Ligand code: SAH
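Only one chain is shown below, in structure tokens, and it's the form predicted alone.
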Amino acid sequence: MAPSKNETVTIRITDISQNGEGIGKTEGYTLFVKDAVPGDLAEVLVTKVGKTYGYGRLMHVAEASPHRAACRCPIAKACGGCQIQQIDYEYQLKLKEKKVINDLERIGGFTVLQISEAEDGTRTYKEAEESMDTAIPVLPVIGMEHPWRYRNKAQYPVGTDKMGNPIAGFYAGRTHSIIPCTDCLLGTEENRDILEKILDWMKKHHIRAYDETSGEGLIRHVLVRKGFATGEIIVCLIINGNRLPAQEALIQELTAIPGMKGITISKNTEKTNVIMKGPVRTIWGQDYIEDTIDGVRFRISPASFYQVNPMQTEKLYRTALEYAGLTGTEDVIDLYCGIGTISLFLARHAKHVTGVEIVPQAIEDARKNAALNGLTNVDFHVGKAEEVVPRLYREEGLHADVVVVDPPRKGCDEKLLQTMIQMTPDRIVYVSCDPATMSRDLKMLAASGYQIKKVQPVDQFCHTVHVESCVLLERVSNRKVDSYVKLNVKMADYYRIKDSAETENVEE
């Protein structure tokens, strides 16, 4: 029986949703409760009632879960960025592992073999070993020893408070209302100094923040990137205009910050939620920074796609390299290659690597990065992977022993997966930021002659609901996979999964 709106109920939180809300039941009716933790006995005010489920506001924790943690950030509850900071970190990892397993089972139709770490560090099997021939081994999530200050990129919207003062911070969950915050605990310590100098400069020189409603004002966003290995910093101000007044005064302030290498601006005069629309123009220093991951150097511009957690990225890419099983004789295709991060990792161990990416600036950066590392056995193509790869396969006979694919949250296009299958690579390494679309795509690959050997989740985005995964698939010669995956869904149905909702303040 559904409760009434504005009724207060007491429920035990038993699970967590894809978006981080606690889940509990009252008389069989499901409620989603933000900030609630599995194990909490919670007093909840019902705020929205539907036919089969509703939403509630956490009013009081009558009995705290053993997994509840004190939030280190004072605005964690209001901010839309860290959805699960109130959960202790070890349990966050377990929940993310569970999320990967649930999606593999529910969406992919797979049987999962959960692998746990024993006290002596060895890995143990939770199911009988005889099930390994038909089950997918999911390894424990690779977490961080210190899951704070890990983001090398931050984008801060700029606005105005009720007193008319400029502010910068993050959007409250599901809104465009800015919560002032100059020191996010996931970002670098330099961000605070940079933002405060910009806000002081705006106030001193009467420079207005952009107003989304009126379309007036100048400063829209501040983007900061830092190379963790090099200490280099670049700042980009996204502006509703062509130039900055009192530009020299701002340059003088920001260049006093250690590591500052470049100050840039990007014009965006459109009424849009897209942050960067125009080209980037340098007003001081250089238009890029450099960083290093596992000995590979990267040149990164403000608009470049580059993984935001370099410590975990190194672990993720080492896993992808291990799964690729390269001996130096393989032709490799890297799909959705960005600025060539994975491509260059692979090129050091492969015969040749072909990278494909839709963003022209990213491909330009990828070519520069290849030259920067002296790698000549890699080439890059601009365009949609689902268009470029079939064309290269059909017209130029593009071949791959190994395919590495790192798609956006929506997963791979069906046409691209079909071409990958036609190319019959020996191995496919699938890197994913969304277990749901990953499971959908893996189901199609498994139904077409590929066996999933193992899945390694990696915590790239600590204190959020997001989780990265690296999957190894190997081609099986007999193509008899019916016992491996339940083939009870038509191929067209694989692509009816809705894209997972993304959180305003989280970017990969």
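Note that residue numbering follows the sequence shown and begins at 1. Since the structure is predicted, the reported quantities are computational estimates derived from the model, not experimental observations.
Keep in mind that the form predicted in complex with S-adenosyl-L-homocysteine (SAH) is not shown, yet the notes after this line are about it.
- The shortest heavy atom separation between residue 307 and S-adenosyl-L-homocysteine (SAH) in the model of the complex is within 4.5 Å.
- Among residues of the shown chain, residue 430 is not one whose heavy atoms approach S-adenosyl-L-homocysteine (SAH) to within 4.5 Å in the model of the complex.
- Not displayed here, S-adenosyl-L-homocysteine (SAH) is kept clear of residue 89 by more than 4.5 Å at the level of heavy atoms in the model of the complex.
- S-adenosyl-L-homocysteine (SAH) in the model of the complex comes within 4.5 Å of a heavy atom belonging to residue 342.
- The stretch in contact with S-adenosyl-L-homocysteine (SAH) in the model of the complex, judged by heavy atoms within 4.5 Å, is 358-366, chosen from 358-366, 69-77, 141-149, 242-250.
- With the partner removed from view, the residue among 385, 219, 332, 198 that has a non-hydrogen atom within 4.5 Å of S-adenosyl-L-homocysteine (SAH) in the model of the complex turns out to be 385.
- When S-adenosyl-L-homocysteine (SAH) is considered in the model of the complex, only one residue from 295, 279, 408, 259 comes within 4.5 Å through any heavy atom, namely 408.
- The partner is not shown here, but in the model of the complex the stretch 312-332 reaches within 4.5 angstroms of S-adenosyl-L-homocysteine (SAH) through a heavy atom at 317 alone.
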